[in-house]
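Given next, in structure tokens, is a single chain: the form predicted on its own.
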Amino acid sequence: MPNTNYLQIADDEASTTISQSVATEGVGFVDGKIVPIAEARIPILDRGFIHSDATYDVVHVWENHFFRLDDHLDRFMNGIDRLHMSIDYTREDIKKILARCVVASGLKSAYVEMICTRGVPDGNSRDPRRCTNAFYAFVVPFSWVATPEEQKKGVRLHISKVERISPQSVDPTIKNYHWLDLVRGQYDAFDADADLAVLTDRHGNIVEGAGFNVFTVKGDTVATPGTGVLKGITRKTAIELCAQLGLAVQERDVPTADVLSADEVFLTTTAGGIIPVRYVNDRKIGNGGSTTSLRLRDLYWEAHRDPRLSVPVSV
């Protein structure tokens, strides 16, 4: 018999009827409509696809609450403006679209992405000003950079020899899809039997990995790269939590040697929160413990109950 467990979503711009068993795999918002993720498509000539000419942001939903949604929207809207793009949806429109997508999916914990692409050019023009910018969104089950089970075993980080794209070439503070250097670095990590890779800049300083920022702990001082990185929202949260614990935070250059000699190392990411690192380049970090990192991780998940940071999904 056909599945009759349907969920209705409707507003001025979009309406959809999606089988709940299909929706829990994820949904997309394309051309003003909410559709099953398997049916979400963009035009093949969209410059976002063929030229990586796009910006995006990812907010997560945990226990049916958006975490720091306004911070993610601030960064997303700023990226659109700095890339000389515009969309027909207001900030409040986007909030409603994301919420409707989450409700349509039926997911209580989810990975929610909003995207603005340059769009399809007018005729054969190469002039980006003649493109109609496009907005897309999608919701899929929550994604982990390192699962809780992997974190218990200890995340193994590899410092790749691949150099991160220069911030003078691609501004990392505008979230973008220029990830080929990060992908190359991840294959270095696979070759080294590590879980994740972090890249360096031209001077050998640690910068960032694929979707995460890096922190070191030395005594009561915490350090994280201050330039050449995306200023992650989880990174921001970690800095705020460090202040609660009375830890001094330095946003500065972080040489490789500082990582290898640190008492602790941890990662921050929307896809998993605050993640302790046990090994870097097969070297155990400190005494192998992660006291500060674990305290920060606990505070991070506690922050999800703070109504100033966590808002319910509602339509």
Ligand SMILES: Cc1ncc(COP(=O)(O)O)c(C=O)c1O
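Residue positions are given as counts along the sequence shown, with the first one as 1. All values derive from a computational prediction rather than experimental measurement.
The form predicted together with the ligand is left out here; the points below concern that form.
*Spot the stretch among 91-99, 148-156, 115-123, 172-180 with residues whose non-hydrogen atoms come within 4.5 Å of the ligand in the predicted complex.*
So the stretch in question is 172-180.
*Within 4.5 Å of the ligand in the predicted complex, all of His72, Gly209 and Asn213 (non-hydrogen atom)*: Every listed residue reaches the ligand in the predicted complex, so yes.
*Looking at Ser160, Ser105, Thr224, Thr234, which has any heavy atom no more than 4.5 Å from the ligand in the predicted complex?*
Result of the distance check: Thr234.
_Contact test in the predicted complex: Leu241 vs the ligand, heavy atoms, 4.5 Å_ = Close contact is absent here: in the predicted complex, Leu241 is far from the ligand, nothing within 4.5 Å, heavy atoms only.
*Should Thr55 be classed as touching the ligand in the predicted complex when contacts are defined as heavy atoms within 4.5 Å?*
Looking in the predicted complex, residue contacts with the ligand do not include Thr55, since no heavy atom lies within 4.5 Å.
_Is Leu230 part of the interface with the ligand in the predicted complex - any heavy atom within 4.5 Å?_
Heavy-atom contact with the ligand at 4.5 Å: present for Leu230.
*Going by a heavy atom distance of 4.5 Å, is Thr269 a contact of the ligand in the predicted complex?*
Flag for Thr269 set to yes.
*Can you name the residues of 105-128 that have a heavy atom within 4.5 Å of the ligand in the predicted complex?*
Contacting residues: none.
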